[in-house]
Every structure is written in structure tokens, then in C-alpha cells.
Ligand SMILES: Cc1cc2nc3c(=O)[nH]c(=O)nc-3n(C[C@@H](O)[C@H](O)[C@H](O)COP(=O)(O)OP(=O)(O)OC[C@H]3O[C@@H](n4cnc5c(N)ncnc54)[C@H](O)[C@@H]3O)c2cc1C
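Single chain ahead, written as C-alpha cells, the form predicted on its own.
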């Protein structure tokens, strides 16, 4: 492990962020992806490699000890990691979403010091935004922050906290006070030394099996300064929602790219066997490539649109921008299934078989999860409401 990362971080200083991620994907993530999937286990080797390369602090400014990467750098890295192991890429993406929120909205001395700890200690962040009894609407909470002097306490029944048992901190949503309405939410930094997790459900899912997304009762008490001072609604619209959809879409593009690569190699192998005849699946490969290009353009355009306005709250909180980001999620999560299915048709039984160089089983199972992470039906319903009041 160390020799690989020494090569990544020291012997090749000119490597781009995507190159570093690609090296980790090929040397650490891909070789362990099958065991992560089969055993439904946490991809600890990959996270250790990312930590060693400093990539858990990628979005943290250099003056605070991070790498100072842009969102584009991280998005490209997520795409490369997904080509090796979707679950590891998802853990990395979800961690970066929380880091982005802390960097932009953690505006007090206590939270800024914790951000510096993420960089110096390689801390891993998880999130707890869903809750039992709210019907999947993460913009509502039932639980509430209770404050007593300079201390707070919180108990939350979370149906899912991905890799919560491996996280050094969890950012959880809750009503700001016990008397607050469900949509008056705060985001709370729950440090590992302050919280307990009581498991309430297991994780044996079709795909993304390495995210270890168990359900827990989260119980935490700590310094009241760990409650982010900005309303969660603003954090969500300005940072969490757009960064989530951009990084998830980048991840799903990585899955699609990996499937496309297998299809290309399958067709090229057929062409080498009979060089005088164009393989019949070459036409399907051309059609797949058209869709993959459409997918890439979609992801890049949405990412660039956000990066251009990310420091302008009047634009990131607009109805039009919310519709754009919601549409990105729905489109990308649909396209990833389309591309992997096209690759499966090209590879045929070689793609259907589990133990084949062209197997697509894990990629297809992971791809189907994309439409369920914040269900597309819920997002389309939200867009339908927004369009009723949109002025274009």
C-alpha cells in the first residue's frame, strides 16, 4: 500500500488530481472491488489510500492544511474511482459533500478548527439526513436539537447512515429547537467521541454493497458551537444539494465509462479474430458511445454552471437552479442504467456471466441504485411543484 502511494504522491508530483485517483482506482480499488461487493464490507483499503494521499481533505483550502482542490478536481477524481469500485467512490463522494458544507458554512472558531483536524488527521465524515417517520423528505425533521447553556443534545432515528460505524464524525439534520416547525432545520456536527450508534437494521442490498448503509439510533451531546450557525435550508440549496448531485452524477458517469470500456474491448477482441469483417456489435458500440458522450456533456455542463455561481446565494437559491440540479440527478441516474444495459447487450453472455473478463453484473446492480438515492419520483414531484411557480 505505502509503496503505491509513495509513487502517487512523491515520485509523480506533476500528476493531476484525476491521475492520482486513477492510480488508486487501478491499484487499490479495482483489485478489492469484488470482495467489497461479495462480502458487503467497507472498502477500508481504498479509504486508507485516499487518506494517505491527503484526498480526504481535497476540498479544504491549503491554508487550513488541505489540498485546495476545486469541485471539478474532486468530481473528476470521483469518476476515476468509480471505474474501479462504485462503493468506494460513493463513500468518497458522500464524505466530500459533508466537507464542502463545513468549509462553506462552518463559520465559527470551533468548526473551523475541526475542519483543520479533517486535514491533519484524515478524518472521515458521514451524514444523517433521513429520519424514520418523515417519509423520505430530507427537508423536514422530527427530532430536535436541545440546548442547555453551551451544550446540546440530540437523538435521531436514522433509517440509513452510510458507513456510520466507520466515520469519525456525522453531520445530522434536526429541527433547530424542540418548538421549531419540521422545516426549520439545523445541521449538527456529531463528533465520534460524542456520539453512540445503536444498530437498528442491517445492509444486504442489490448494489453499492460496500457503503454499509445500516440504520441506527444516533445519540449525541456536545458543544453547542457544533451546531452550524446557518439554516440548513440555505446549506442545502447553496451547497449540499448541488454538490451531491454533481458528485453523484460524476460517479455514475464513471460506472457508465467502465461498462463502455468493457464493451469496447469486447468488440475489439471480436474484430481481431476476424479482421476482414466488422463485428455486428460495432454498430451498438457506436450507439453506446453517442449516449456516453451525451452523459459526459450533461455532467460537465451542470458542474460548470454551479462553479460559475457557487458564491452567489441569490442564484444558487433560485427556483431555476434548483430545477436544473434536480434534472441533472434524474437524467444522470437514468443514463447510467441505459449505458450499462447497452454494454450488456454488446457483451452478451460474457457480460452476463459473473466470472468473466467482461462481466457487468456489479456495475448493473450499482447503476440501478442511482434512481433510488433520493427517489427520482420524489425529485420529479418536487420539480413539478417548482415549475408551477417558475418564471422560466
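Numbering follows the first chain given and starts at 1. Treat the numbers as computed from the prediction; the structure is a model and nothing was measured.
The form predicted in complex with the named molecule is left out here; the points below concern that form.
Participant: Just checking whether residue 374 would be counted as a contact of the named molecule in the model of the complex - the rule being heavy atoms within 4.5 angstroms.
Facilitator: So residue 374 counts as contacting the named molecule.
Participant: So in the model of the complex, is the named molecule close enough to residue 135 to count as touching (4.5 Å, heavy atoms)?
Facilitator: Answer yes; at least one heavy atom of residue 135 falls within 4.5 Å of the named molecule in the model of the complex.
Participant: Verify the contact flag for residue 130: yes if a non-hydrogen atom of it lies within 4.5 Å of a non-hydrogen atom of the named molecule in the model of the complex, no if not.
Facilitator: Judged by the heavy-atom cut-off of 4.5 Å, residue 130 is in contact with the named molecule in the model of the complex.
Participant: Using heavy atoms and a 4.5 Å limit, would one call residue 160 a contact residue for the named molecule in the model of the complex?
Facilitator: Output for residue 160 is yes: heavy atoms within 4.5 Å of the named molecule.
Participant: Name the stretch, out of 301 to 309, 179 to 187, 200 to 208, 317 to 325, where some heavy atom lies within 4.5 Å of the named molecule in the model of the complex.
Facilitator: That would be 200 to 208.
Participant: Look at the candidate spot formed by 94, 369 and 378 and say whether the named molecule comes within 4.5 Å of a heavy atom in all three of them in the model of the complex.
Facilitator: The answer is yes: all three residues contact the partner (heavy atom, 4.5 Å cut-off).
Participant: To verify the annotation, which of these, 244, 213, 141, 238, has a non-hydrogen atom within 4.5 Å of the named molecule in the model of the complex?
Facilitator: It is 213.
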